[in-house]
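Given as structure tokens, the chain that follows is alone and in the form predicted on its own.
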Amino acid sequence: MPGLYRTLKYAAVLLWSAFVVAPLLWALTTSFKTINGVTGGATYIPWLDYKPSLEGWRELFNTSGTGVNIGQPFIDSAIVTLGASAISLVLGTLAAYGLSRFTYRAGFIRNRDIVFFFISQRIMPPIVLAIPFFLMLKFLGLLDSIPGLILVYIALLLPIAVWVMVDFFNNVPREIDEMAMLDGCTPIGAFIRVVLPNSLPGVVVAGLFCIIFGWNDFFFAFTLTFTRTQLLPVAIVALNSTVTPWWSLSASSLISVAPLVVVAFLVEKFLSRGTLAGAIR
């Protein structure tokens, strides 16, 4: 039985890995094809089934005006995503700590109602917020600009940071705060020096969620920008025309996924690290 269980376990892992990796491999092979390689039937192995070409990748960085240059949209997406994620993470962490350690009352409203209010902002369909955001940015003179998108993305990502961090702070014993203040720390000092380091995996998880949601957003990047600013998801959709350039779309999809994969590998060690080992004396 143990041998059968191990076999089934590894078989399930292999099947799931194939399910996840196969689309990426297909996109990788397609990115090195030409129109003849795509329309001529299914081919898999370069130099054996088809002659590879870099045309799909060249079209993505064509600055002559005949192609689409996704270099600037990539940079704009990185600026907007990282900027909004960092601000949302800082504000969300502070708000979550306050909701975890202090009691707030406004009539029948309690802490859990405030937390639900934050996460309820993600329940609304994005189309509901499109016109209010559009009018707000137009009034502020930030329409079709990177600062305007950062402001909108903060409103979208802040509920995620609060929701994730409240749960992590609730799992950190209050005795840690008390011991730090007995040692001479102020409440803010106890938060920065003791509580926050013990909640580092939560910060990483919240930051990762913010980056993923911000990087993959298409709706607001499409509705709130026109000519001066263009984010990567919008630039990728703009590649489509009367003849779908599957080779360029595949290359651009790999470029879009690559940063998230790199970030996931970089923060993986923090996700598996223990948080409270030896924290309470």
Partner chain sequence: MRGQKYIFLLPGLLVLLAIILFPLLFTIRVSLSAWGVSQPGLNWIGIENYVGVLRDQRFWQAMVRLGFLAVGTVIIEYVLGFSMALLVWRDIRFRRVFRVLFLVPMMTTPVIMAVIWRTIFHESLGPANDLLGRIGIAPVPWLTNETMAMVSVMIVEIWLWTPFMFLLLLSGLLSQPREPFLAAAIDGAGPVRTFFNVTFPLMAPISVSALVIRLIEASKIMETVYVLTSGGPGTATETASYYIYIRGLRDFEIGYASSLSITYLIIMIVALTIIAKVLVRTMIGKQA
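Residue numbers count along the first chain shown, from 1. Whichever C-alpha set is largest while still superposing within 1.5 Å between the two forms counts as the rigid core. Remember, it's a predicted structure, so these values are computed and weren't measured experimentally.
The protein also exists as the form predicted together with its partner chain; that form is not presented, and the subsequent description refers to it.
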Review point. Using 4.5 Å between non-hydrogen atoms, is F168 touching its partner chain in the model of the complex?
Key: no
Exercise for review: Indicate whether its partner chain has at least one heavy atom within 4.5 Å of a heavy atom of G83 in the model of the complex.
Suggested key: no
Check your understanding: Any of the heavy atoms of L99 lying within 4.5 Å of its partner chain in the model of the complex?
Key -> yes
Practice item. May I ask you to check whether F61 falls inside a 4.5 Å heavy atom distance of its partner chain in the model of the complex? Key: no
Check your understanding: Considering its partner chain in the model of the complex, which of I146, A78, V204, M136 comes within 4.5 Å of it through any heavy atom?
Key -> M136
Check your understanding: For the stretch 16-46, which residues lie within 4.5 Å of its partner chain in the model of the complex by non-hydrogen atom distance?
Key -> W16, S17, F19, V20, V21, P23, L24, W26, A27, V38, T39, G41, A42, Y44
Review point. Taking the rigid core as the reference frame, is the Cα of F219 displaced by 2 Å or more between this form and the one not shown?
Key: no
**Study point:** Yes/no, S53 Cα shift of 2 Å or more between this form and the one not shown with rigid core fixed
**Key:** no
Review point. Cα of I255 displaced 2 Å or more between this form and the one not shown, core superposed?
Key: no
